[in-house]
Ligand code: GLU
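Below, in structure tokens: the form predicted alone, a single chain.
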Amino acid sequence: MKNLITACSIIFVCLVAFYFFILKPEKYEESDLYEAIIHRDYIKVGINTDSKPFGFIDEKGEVQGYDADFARYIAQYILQNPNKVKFIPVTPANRMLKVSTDEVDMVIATMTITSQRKDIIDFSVPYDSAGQALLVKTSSKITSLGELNGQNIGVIWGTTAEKNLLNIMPNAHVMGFKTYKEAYRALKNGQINAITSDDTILSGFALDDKEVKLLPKRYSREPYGVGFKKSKTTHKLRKIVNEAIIDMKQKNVINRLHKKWLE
């Protein structure tokens, strides 16, 4: 038995030596995401589904909006088919986590490019921009952010509006919400006096509901970008998406999306 164990040990050592010194396996590397998409034949896109007109679910249960059409154009550019997109709902609070853990290939969800976020994920070139604004009830006498001292202001967790508000009004009574719809309901029932967020998103509520209005003043300028996992595996995909965005601008696609969804 002892001789058998010794013999097996020698064989094992020889096999390990053969594997590492003769076969010389290459060090494991993560697969390139662009090549994985080509092989899979569809793109997984994280999108807000409660931020009309950028992303929402229509009466047929389908994802629609500016960002949805934008994602379909990218699918057309990469896979020659605008329908080869799998939309995965994200929120401002979890969208960077979902792209960093490979749950989605990219995030197209009205995400502002900031230096802090660039430390965590990578971005495409800007494809559009927004400004921070205030949504109030139509009957409200509030005309600016400065009049909200001592009143409840709603923000959506994980948005730049949250940070901007705390910088502008450090003593504000801030109430955070996971989704835009939750904040909108809180405004309607009087739980908060205003919502501050991107004008492009808040305008959707004002268009659908005459009992709320978007105030004209803007408190920031927010460039939107497509978010990617910070990894060398996404470099090629990000380069291709940048090319697609440039192509969209040259072919006036961005202006057409504006007319369709924002005007």
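Small disclaimer: the values here were computed from a predicted structure and weren't measured. Heads up: residue numbers just count along the shown sequence, starting at 1.
In what follows, reference is made to the form predicted together with the ligand, a form of this protein that is not presented.
Visitor: Please determine whether R185 contacts the ligand in the model of the complex, using a 4.5 Å cut-off between heavy atoms.
Guide: Close contact is absent here: in the model of the complex, R185 is far from the ligand, nothing within 4.5 Å, heavy atoms only.
Visitor: With the partner left out of view, is P92 within 4.5 angstroms of the ligand in the model of the complex by any non-hydrogen atom?
Guide: The answer is yes: P92 has a heavy atom within 4.5 Å of the ligand.
Visitor: Is there any non-hydrogen atom of I201 lying within 4.5 Å of the ligand in the model of the complex?
Guide: Answer yes; at least one heavy atom of I201 falls within 4.5 Å of the ligand in the model of the complex.
Visitor: Would R117 count as a contact of the ligand in the model of the complex, using a 4.5 angstroms cut-off between non-hydrogen atoms?
Guide: R117: yes, in contact with the ligand in the model of the complex.
Visitor: Kindly indicate whether M106, D122 and T234 are, all three, within 4.5 angstroms of the ligand in the model of the complex, using heavy atoms.
Guide: Not a single residue of the candidate spot has a heavy atom within 4.5 Å of the ligand in the model of the complex.
Visitor: In the model of the complex, which of 220-228, 55-63, 37-45, 207-215 comes within 4.5 Å of the ligand (heavy atoms)?
Guide: Going through the listed ranges, the match is 220-228.
Visitor: Taking 4.5 Å between heavy atoms as the contact cutoff, choose which of G176, P126, P82, G158 touches the ligand in the model of the complex.
Guide: Only one listed residue qualifies here, and that residue is G158.
Visitor: Looking at V99, L135, I74, M111 here, can you tell me which has any non-hydrogen atom within 4.5 angstroms of the ligand in the model of the complex?
Guide: The option sitting close enough to the partner is M111.
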